[in-house]
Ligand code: NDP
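Take a look at this single chain, the form predicted alone, given in structure tokens.
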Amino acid sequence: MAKEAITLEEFMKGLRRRNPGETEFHQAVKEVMTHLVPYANEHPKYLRVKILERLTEPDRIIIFRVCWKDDKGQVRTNRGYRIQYNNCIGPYKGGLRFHPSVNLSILKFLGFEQIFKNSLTSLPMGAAKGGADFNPKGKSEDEVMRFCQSFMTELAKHIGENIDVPAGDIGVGTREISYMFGQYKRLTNEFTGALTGKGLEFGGSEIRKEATGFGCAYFMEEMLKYRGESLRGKTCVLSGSGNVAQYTALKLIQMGAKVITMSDSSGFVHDPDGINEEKLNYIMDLKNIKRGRISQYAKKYKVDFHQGGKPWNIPCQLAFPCATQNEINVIDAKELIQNGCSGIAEGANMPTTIDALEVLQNAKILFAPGKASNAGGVAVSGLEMTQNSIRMAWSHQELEERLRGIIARIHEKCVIYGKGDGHVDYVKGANIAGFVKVADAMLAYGVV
């Protein structure tokens, strides 16, 4: 007998009851289930065995204490996490985030999103997320090393190249991955691809640091190409000035677009003449080496700095939120539309609130959700896993071509499931395309 249809509100009521107070997780699930609930009602095979409910429950959540000593000899304690969300289509795969804001709700939202993102790449990767409420900013090299080693001492019990392959995320770059990989190797006495984002000298991959930003620009290019347009000459506003923003900007510039804003937590700069590669190199040195503030760019190049502001009120044709979650609200969305923005590609994870997303979709502007447009990073992580498995490394050019091909295929899948009424709903397309592969695997395994 077919299961009776369910409603979105009925589903969300149950989810909120099982996961009280986890607002970021609730938001991520609601955004996805807006499309999956109607799809499952049309395909009752998923309802009969509760695929939607099972999909929102992680396989396991590991929480542990991380003790370490600072440079003054004081014992410090942080909380570590690894959420192994779903491994139906491959080993658990997802980043580690070191930031004071890290909590269960944020990691569950990120892990849940990772299911669909990893599925869309077509690579054999399950979904996971993890990290700690540790802030590497302001810490010495030795303090970061001691923390990473202590963190890995516990995490090593739960990961491995065929089990769970963590990567970097906010606060976790090549330095942190290297310390953790060294400790993993020390504990297991194995040299395996148990982490990605490693240095090139010991199993890392070319274009890993560029991949998320490049992928974001490529996805926008695919959306425009589908409409018979191109990036060349388009005026773009970006938020953020970290890794994702830097390489999104670089690829946009290389493809002929004009980038006029970048930001950090202190505010944003507006350069009407455009940020060229020379200026972007200054930002990269400022943020990556000198750990400076974006306001210093405004002083050097004599442009406006908007303290505490966001760039969404600046007239543009395309927008790329590359900073953090929920940075575009309803007011921002309306300003973007009024100021001529016709396309948005999310570089960050869930940077648009649900209410703002509704405004943007009602306006029928191109909108690429992060699970599609920022999948470049995990795609190249997956390619690093492959290179580790076959004991060889591909060149920069080969990897960039593979990345571009993966992004083009993700776009194709989004069009297949999101096309209708002369418009492509990329949010719907990404959600359903990512769901079908995982859900069908879950059906094949039975009730496990």
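Note that residue numbering follows the sequence shown and begins at 1. The model shown is predicted, which means the values in this text are computed figures rather than measured ones.
Beyond what is shown, the protein has a form predicted in complex with this ligand; the following relates to that form.
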Query raised in the report: Is this ligand close enough to H99, G242 and S263 in the model of the complex that each of the three has a heavy atom within 4.5 Å of it?
Result: yes
Requested in this report: Could you confirm whether D169 comes within 4.5 Å of this ligand in the model of the complex, counting heavy atoms only?
Outcome: yes
Requested in this report: Using a 4.5 Å heavy atom cut-off, state whether R293 contacts this ligand in the model of the complex.
Outcome: yes
Query - Contact test in the model of the complex: G347 vs this ligand, heavy atoms, 4.5 Å - result: yes
Requested in this report: Decide whether N374 counts as a contact residue for this ligand in the model of the complex under a heavy atom distance cut-off of 4.5 Å.
Outcome: yes
Report summary line: The one option of S105, T192, T324, Q183 with any heavy atom within 4.5 Å of this ligand in the model of the complex is T324
Query - Answer option from K251, K198, R82, R208, heavy atom within 4.5 Å of this ligand in the model of the complex - result: R208
Query raised in the report: Thinking of this ligand in the model of the complex, which stretch from 263-271, 312-320, 67-75, 222-230 has heavy atoms inside 4.5 Å of it?
Result: 263-271
Requested in this report: Would you give me the residues of 210-235 that have any heavy atom within 4.5 Å of this ligand in the model of the complex, in order from first to last?
Outcome: T212
